[in-house]
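Two forms, one protein chain; structure tokens for each follow separately as structure 1 and structure 2.
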Structure 1
Amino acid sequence: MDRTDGASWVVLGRVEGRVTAVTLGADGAELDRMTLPVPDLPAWVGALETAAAVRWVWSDAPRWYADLLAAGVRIGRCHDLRLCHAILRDSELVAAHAPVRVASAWDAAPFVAGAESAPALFELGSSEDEPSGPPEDVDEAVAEFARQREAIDGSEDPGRLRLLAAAESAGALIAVELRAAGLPWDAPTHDAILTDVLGRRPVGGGTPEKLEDAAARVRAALGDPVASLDSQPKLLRSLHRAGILVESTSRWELAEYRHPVIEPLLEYKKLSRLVSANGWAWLAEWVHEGRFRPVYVPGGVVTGRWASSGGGALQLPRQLRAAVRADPGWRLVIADVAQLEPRVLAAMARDEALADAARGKDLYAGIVETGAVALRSEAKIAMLGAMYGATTGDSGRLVPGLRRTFPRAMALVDDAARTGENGGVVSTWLGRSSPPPSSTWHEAQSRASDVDASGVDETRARRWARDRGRFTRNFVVQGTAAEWALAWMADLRGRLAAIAPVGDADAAPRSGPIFSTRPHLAFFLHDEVIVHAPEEHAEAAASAVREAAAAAGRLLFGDFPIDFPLELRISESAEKD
């Protein structure tokens, strides 16, 4: 697929305790085949990885790489068949008749450790344990890899799809590494925050002091000593009985009312959320030996963003960031990209005016300087409105100002919206395509164009068309931003691995055998990374983070003059200053 650097492809498969490794030449022909027992795999991979430039081709990174890392073996590059299949199957750049497009066992959810040993109790039909994840047989893998090479080589833009496959596969490695290394988490700090906010931890697992106190004040204000506060319908009825005629129990609606119950109720909701989502139970389940190890799901969102499954890694409340603390003698390098999505939009659209406004500074301040809008706050909501498809309110009112000043960028998102409204498919910069509309959607559209269509039919069809337009409008920007972030992390991963190791693996053993002696990625959240680094290498790691951002911009957008400035700090804790 990539014939430029001479690295060989080694395809791995396994059956009944033995691994088969097939080495392929640049033309895809089989050069060599060998088998070995599963326990011998790490040593063999480690030796080959040191000796030669290898790209490992495997079904699913979590299935293969978690065990390698645990055995102390890190690899440089892979091709993740499951993730790349999902991209190529749907990509508009791939020919409609390509074999990768037909339904197959590669349309699989990721491997989940232990999932095969938990069959549903009342499952009908087969009583066999169905292992989760894609096929593991090596010949299946070789065949699928050939289909994917064919799909890419025969596509409209092989270069872009090669980049996307490489970036997505690097992300697959990084997700496994992030879990293996873990985010340094100081449980005593977390406990102190909980105790400060909620009051003393109840011994028998009951309600914390301050939560109980807030509940008592709510019930007193309602004049109902047994009011249920955790059931939305019951709470709504209690509020109505007290003369507060809200339609929901949401924070924003409650805040509009003046009544003695409002303040304690909002307090109750805040505390209740903290204890149930990130309280002591969460701490006991997800933090062990000073590390938070969430499950990241690369490509888990239609746009290509990562999702998480378990631990809520992408939903950590700001309130708890103080619990993210570097090990003794180590530092955190915390970096996020300022206004990633509008910068990506400027580059995709080749909109020099927007790129100028973004250059070297706060993009929203730059927009104000162009005169498109008067205030920074207006620039922000106008830009978000343009990318999300707002049509009403302040945002909808301000978008036309942007359309005059940045016609190219606005045309890109407007075109994406029009395509989506008409039932079409849109693609990101590197070629990830949106899913097509459902059959229900199509049926609603054709029913509305019947001669005897009712007003209800027409209204619904219009609404669904506009909903889909907003989705495709945002898809191209959010998805390309996700690609930029993958490229950033992939490049950063390589730079960090090149920094000389320090001390011995006992220095910070909690990160495991691979990550205890050198800077490593510890956290990722859409446009932010946290690197955990030995103090003496913190500056080098920070430089690597900055250089990787510049490299990612060049990799995706060549010499188009867009920059990606970072907000970066080196600190012992992730708490905001």
Structure 2
Amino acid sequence: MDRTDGASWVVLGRVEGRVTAVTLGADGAELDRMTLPVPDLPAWVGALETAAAVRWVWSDAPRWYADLLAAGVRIGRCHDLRLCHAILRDSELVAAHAPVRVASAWDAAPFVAGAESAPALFELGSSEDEPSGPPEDVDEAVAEFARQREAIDGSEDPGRLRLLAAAESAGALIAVELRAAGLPWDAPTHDAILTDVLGRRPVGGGTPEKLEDAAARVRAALGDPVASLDSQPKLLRSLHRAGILVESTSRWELAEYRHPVIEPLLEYKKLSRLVSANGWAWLAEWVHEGRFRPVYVPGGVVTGRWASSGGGALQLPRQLRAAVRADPGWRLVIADVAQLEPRVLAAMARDEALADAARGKDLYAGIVETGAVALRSEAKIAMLGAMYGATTGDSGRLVPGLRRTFPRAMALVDDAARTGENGGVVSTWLGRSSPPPSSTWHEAQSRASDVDASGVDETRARRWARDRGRFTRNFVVQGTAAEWALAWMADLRGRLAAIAPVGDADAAPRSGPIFSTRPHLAFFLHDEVIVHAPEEHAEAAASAVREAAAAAGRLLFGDFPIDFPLELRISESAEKD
């Protein structure tokens, strides 16, 4: 991991209320070491950021960065040891004997910024107060950084892993910044939506009137006035007694039956989900002073996708988007990528036929133009089936047409599925590898091959193998799409920071000291971003979003001719027209 841009590596550690900073040379040798009290850290970091190009190396970005932002200090780049350790520990590109694989102290869960159970960095008085997490002793951090540099430099493809580590670490910074800036949220609008959909808010708690009405209609249709609707096993028994022999209460399975209970039950489930996930209790807990501040967890899914540890930012229902409203004098720049995963698949496979179908147009309409399928709806079903391993129904019927028309793309996912079925490991474009199958999985496969194996043993082994094949088939595509999204956001973050701030009169103080006067990322959802920007800079921010998407494609896939078109708009609200 040689330094090629003139930046210094500064490793941070802390113990007993003091921070130690170790500056490393390009070869990893220690150049300088200093210790300072924790309260002095923001001023020192801010001064060094201004004076020199620095890459901060630390245990876990939320553990360090949230308090720096609160103190008005933004950093440019970091190396997140916990996140990068998880990638390198499991990557099949890393040598099997690499010491990073056995540095188990770094297999810790992330620190959750804002959690009441753990004190803030600047409030620590002694090591006894420290939260659980990766090691924070500076010498441990320096040693782990050395292991990670060795793992990358000795890997099969150092360039890709180096890029992945940089992108993952940039994502760690962005996640903390998203929480610090918050998503502009209008609580009265949210309350009005809930009242319109659910009825008046019950005084003193209880069930909203429209939810209660839907429940009464469900029970009447079932002929069971005491049917339990919130217990899956009990509800299934009530449905079975009514002749509805479903195995779950999913919308898709219920929709296959014609019965008076289906419509009110689907309505009840929808309303109940809104109450429990984003109702008045959620509004009171997560929206304060005009901002929704969720807790993002970069790399929280094995594919590298983000997860959420609080607030449910990755599951916000579209009906609440009207509550996402820019501050006065500001605008929202809302952008999402059209058909991100199929486009990523085309680039990974170097399938120019699929890239041609996507260029400058709706990809599914482009597939129809090739003659692979007849309808756009069929193109979508077939492509999703190919990436997720659907082998029955419409997907099973339509996927062969894709194989004939786009053999390189289909071969990539088919090969990934075959590897998974055989118990192998697959990797994303930049080198994040899937977890190996469990010992239970291997035992099932072994038992099925015994001479005295039963039909049950063989059926179970085949089913588990197919399930793993579907997982690895999608892993390579979803994981690479997550890498593209990280590259997009990292590039966009830099472009937005380069836009001049506005005057204090146009400030959005609820976005915090760093983001109150300049465009900034405010929301992320897999293939969508929302930027909160002063009105005078909204067009510049929109251009930055577009340019960053194009740059991310070039960074990952070079000159392969694939585009990543955006559905982009500038508005006061995130509600779609």
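On a predicted model such as this, the values are computed, not experimentally measured, just so you know. Every residue number counts along structure 1's sequence, beginning with 1. Only the largest set of C-alpha atoms that superpose within 1.5 Å between the two forms is called the rigid core.
Note on provenance: structure 2 matches the form predicted on its own. Once the rigid core is used as the reference frame, the Cα position of Gly72 differs between the two structures by less than 2 Å. In a rigid-core overlay of the protein, Gln339 has its C-alpha displaced by under 2 Å between the two structures.
Positional change of Gly479 between the two structures stays under 2 Å at the C-alpha, relative to the superposed core. With the core fitted, the CA of Trp252 sits 4.7 Å away from its counterpart between the two structures.
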